[in-house]
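One chain follows as structure tokens, the form predicted on its own.
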Amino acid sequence: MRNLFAQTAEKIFEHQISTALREEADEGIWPEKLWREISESGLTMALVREAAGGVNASFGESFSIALVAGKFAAPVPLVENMIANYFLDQCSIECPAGVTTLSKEVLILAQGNVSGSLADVPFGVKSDYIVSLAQHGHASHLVLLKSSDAVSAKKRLNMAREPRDTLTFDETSPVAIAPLPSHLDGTALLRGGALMRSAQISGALEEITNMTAQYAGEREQFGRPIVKFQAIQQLIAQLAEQSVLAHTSADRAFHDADFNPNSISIPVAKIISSESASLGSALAHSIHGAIGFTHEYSLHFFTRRLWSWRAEFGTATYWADQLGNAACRQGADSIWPAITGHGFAEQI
């Protein structure tokens, strides 16, 4: 199943995504044909049960979808739609047709309506629906909202020129609402977004590693390809190391697929991938030199996304603080069991 997902995603992206399409997306043009093909392929429903119209794939099997989305710098909210549909299905809410995105923010629930602002929503204005959490007392609920029901929408672009909009709701009636099941809590959507970003970062790092190795083999200096110089070889090896680190940590987190707030696999994956995004981008640009910063050369489509994704759904510093505080609260004896797969005894 994992190979099938990878082949399907790669076939769609190779056919649809080009430098011209990425440039159009940078200018705010929605890639309608690309999204239609993604929707028809069923990739957004990969994590949804068959009984609800999905594929019923495991997170381990779906890892390749998010990986390939990062590898192609896909300018659409595929991973957001995929994880949003998963949470909807877990709460027995029917997944809507159209574009659905995810917010990590929490709204206030009162008398069946929700109020508050959702900041930095990926493709918020361009999406038809938004999945978020709403709090009523100590109880968390999953809500499905129409983006058009927002009383105000403030558009913003991240460094990669991907929409990260702020939408405000005021006593808005959700399309659907359901209490979170016992295996999910108020951190689930944040963790879900962090999980997806770690895989996207891994895919983008894989692509810039390949681009950089190819460039170093073609670019000549002093009469020979620069890849022949030991210093360049060392930098490429370090870049490949960061790519493997990100891939391994994200792959492990997808196989664990545990949204339990005591689990460490998702925080660890986001920490490692975010740090690798910083180091890997710096190494790639160092090897490419000036050409890597030009608009005409496609490296920037990936490094701008790496710089943006590393900060979304919790920075490396945020998740490191969460892990460090949990270890300090629970004591030295809690660390080894957490590392070996049991997680912490209390919430991170």
Partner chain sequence: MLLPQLDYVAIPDEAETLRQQVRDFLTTRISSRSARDQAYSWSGYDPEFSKALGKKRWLGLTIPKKYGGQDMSAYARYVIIEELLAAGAPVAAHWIADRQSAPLILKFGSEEQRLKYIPPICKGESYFCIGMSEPNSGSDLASIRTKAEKNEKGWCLNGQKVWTTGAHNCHYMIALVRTSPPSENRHAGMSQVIIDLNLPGVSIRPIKDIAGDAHFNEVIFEDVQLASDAIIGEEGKGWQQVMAELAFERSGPERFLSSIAVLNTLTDAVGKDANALQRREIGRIIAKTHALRSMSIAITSKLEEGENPTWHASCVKDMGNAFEQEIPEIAQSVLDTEPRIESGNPHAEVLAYLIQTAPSFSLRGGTKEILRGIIARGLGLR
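Numbering follows the first chain given and starts at 1. These figures come from a predicted structure and were not determined experimentally.
Another form exists, predicted in complex with its partner chain; not displayed. Remarks below refer to it.
Residues of just one listed stretch (315 to 323, 37 to 45, 296 to 304, 50 to 58) have heavy atoms within 4.5 Å of its partner chain in the model of the complex: 315 to 323. When its partner chain is considered in the model of the complex, H247 lines it closely, a heavy atom lying within 4.5 Å. Remark: E162 does not count among the residues lining its partner chain in the model of the complex, judged by a heavy atom distance of 4.5 Å or less. By the criterion of a heavy atom within 4.5 Å, S147 is excluded from the residues contacting its partner chain in the model of the complex. When its partner chain is considered in the model of the complex, Q238 lines it closely, a heavy atom lying within 4.5 Å. In summary, among the residues S92, Q221, Q234, S152, the only one with a non-hydrogen atom within 4.5 Å of its partner chain in the model of the complex is Q234. Exactly one listed residue, out of A213, A119, V106, V125, brings a non-hydrogen atom to within 4.5 Å of its partner chain in the model of the complex: A213. Using a 4.5 Å heavy atom cutoff, D251, E275 and G331 all lie near its partner chain in the model of the complex. With contact defined as any non-hydrogen atom lying within 4.5 angstroms of its partner chain in the model of the complex, the contacting residues in 185 to 209 are E206, T209, given in sequence order.
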